[in-house]
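Shown next as structure tokens: one chain only, the form predicted on its own.
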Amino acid sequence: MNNETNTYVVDHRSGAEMQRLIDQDHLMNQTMGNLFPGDTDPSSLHSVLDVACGPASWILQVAFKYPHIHAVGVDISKQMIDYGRAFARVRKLHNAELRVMDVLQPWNFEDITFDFVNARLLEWFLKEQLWPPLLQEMLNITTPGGTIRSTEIITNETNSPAFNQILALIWEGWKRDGRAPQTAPNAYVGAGTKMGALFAQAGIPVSGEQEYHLDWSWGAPAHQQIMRDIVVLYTLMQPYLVNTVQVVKEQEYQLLLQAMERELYAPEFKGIWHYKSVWGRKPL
């Protein structure tokens, strides 16, 4: 698909990033509730793939809850896969298979292999022009009548000026390095807003959509967890924003991080994370 081996905006080998993704996985699993969409019968599934699975929380939950399913997860990070494998061994999840794989390269799977293909938050490493070939790979390895689901951010809405300024810097960086089109509006618009159109372009008829609106305002149950996620992520993004896309100077960014952390801790802080799942079935 592409000669690049890693387009992730932070160092995926970092221990801090691994812990952040583990926490984020657990929160998303909890917020989304069921492991599969309501129109999918897990008893009819034989083989399931999680694309860029990170620490493999979702696919390992699938393996645990549905022992009849061959549950496969792939990720570019050996550290993430090693963590997932160790967890699977401890839990004796013999139906779980985790592989180190760069999904931006040709996939090492036979066509028509998986009944359900899952992916989420791919925009953190996927540039604009890579969405169509990636969805085509997902379509190729899905069985006729099988389901493909993608879950992506719509936006993160807050009353923190510093948070909003950093989000604007990220969006400018996205536009500079091809993660978003140059013609995109100035405000951040996540990939969750375009998945329906991308599915249609790939020839995947959309059969369902689900939006999630996670309140992380001060005092909300998710406040501390998402705040930690944001502080770690935005700190780890400094090399990308300062050196790679050069949208901000280091000292200015450090001051923004400090101001953001103060604002996220304030009792008047309000924040809602909006994201969306889109799924469709491969034509028979």
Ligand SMILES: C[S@@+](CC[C@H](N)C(=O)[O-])C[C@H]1O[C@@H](n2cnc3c(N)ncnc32)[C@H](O)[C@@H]1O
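Values in this document were obtained by computation on a predicted structure and should not be read as measured data. Residue indices: 1-based, along the sequence shown.
Beyond what is shown, the protein has a form predicted in complex with the ligand; the following relates to that form.
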**Request:** Give a yes/no on whether residue 53 approaches the ligand to within 4.5 Å in the predicted bound form, heavy atoms considered.
**Result:** yes
**Asked** Any chance residue 102 has a heavy atom within 4.5 Å of the ligand in the predicted bound form?
**Response** yes
**Message:** At 4.5 Å between heavy atoms, is residue 87 in contact with the ligand in the predicted bound form?
**Reply:** no
**Request:** Mark residue 75 yes when one of its heavy atoms lies within 4.5 Å of a heavy atom of the ligand in the predicted bound form, and no otherwise.
**Result:** yes
**Message:** So the ligand isn't shown here. In the predicted bound form, which residue out of 204, 93, 121, 169 has a non-hydrogen atom within 4.5 Å of it?
**Reply:** 121
**Message:** Let me test this: is every residue among 12, 21 and 125 within 4.5 Å of the ligand in the predicted bound form, going by heavy atom positions?
**Reply:** yes
**Fill in**
In contact with the ligand in the predicted bound form (heavy atoms, 4.5 Å), from 188-196, 108-116, 77-85, 136-144, is stretch 77-85
